[in-house]
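As a starting point, one isolated chain is supplied in structure tokens, in the form predicted alone.
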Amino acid sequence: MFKKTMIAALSVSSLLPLAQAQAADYIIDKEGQHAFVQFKISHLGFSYILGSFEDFSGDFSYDPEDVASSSVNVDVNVSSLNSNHAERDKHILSEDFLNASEYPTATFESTGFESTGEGEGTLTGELTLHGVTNEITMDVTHIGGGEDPWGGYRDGFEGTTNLALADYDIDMSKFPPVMQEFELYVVFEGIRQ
């Protein structure tokens, strides 16, 4: 009888992880400088302007067994823009472009994820920038996951997308066509909660 009870208990316990499998929640680790929101835009077709938003926060959910249930939410302080040129940053943040005084926050809230291969997929969501919300898609790659040296567990991702500035009511008509869109690049390392 004892033997049968033990076998039954072991059988049930071996199924529990499968039954309890669900997306884990992560906080994006911006404090440790393991997360970045960066952009790249042509400078008149001669070079590129590279920059980043230094102040942002967010979280994501991820289940490697059910990647379709993954989600991410990010809030960006637009005034934290840094392109390593103070006067240019001031101009980009002015009413001519981002108008950060009126639209201080940009947000992204995912609405879906579709796997396109091992560790890769397309993230869909709503990006609000300059007071305008549009659905965007972003190509995403899972960089890796595992235990960290401090007893926690982390997962990391990178994503890229190209965005047309006109879609966010930012007038670039005075500039060459190569400056009409920019590349958004993000890296998020999250700490499992």
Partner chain sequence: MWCNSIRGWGLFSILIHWLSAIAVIGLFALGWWMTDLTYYDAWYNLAPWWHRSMGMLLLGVTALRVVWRLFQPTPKEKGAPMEKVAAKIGHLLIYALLLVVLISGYLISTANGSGISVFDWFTAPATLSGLSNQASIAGEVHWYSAWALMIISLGHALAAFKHLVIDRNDVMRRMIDPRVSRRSA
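Numbering follows the first chain given and starts at 1. Nothing here was measured: the structure is a model prediction, and the numbers come from that model.
Missing here is the form predicted in complex with its partner chain; even so, the following discussion is about that form.
- Although the partner is absent from this view, Glu87 contacts its partner chain in the predicted complex, with a non-hydrogen atom inside 4.5 angstroms.
- Contact check for Asn73: every heavy atom lies farther than 4.5 Å from its partner chain in the predicted complex.
- Contact check for Ser115: no non-hydrogen atom falls within 4.5 Å of its partner chain in the predicted complex.
- Using a 4.5 Å cutoff between non-hydrogen atoms, Phe175 counts as a contact of its partner chain in the predicted complex.
- Leu44 is the sole member of Leu44, Ala166, Ala68, Val132 with a non-hydrogen atom lying within 4.5 angstroms of its partner chain in the predicted complex.
- Using a 4.5 Å cut-off on any heavy atom, the residues of 44 to 83 that reach its partner chain in the predicted complex are, in sequence order, Leu44, Ser79, Asn82.
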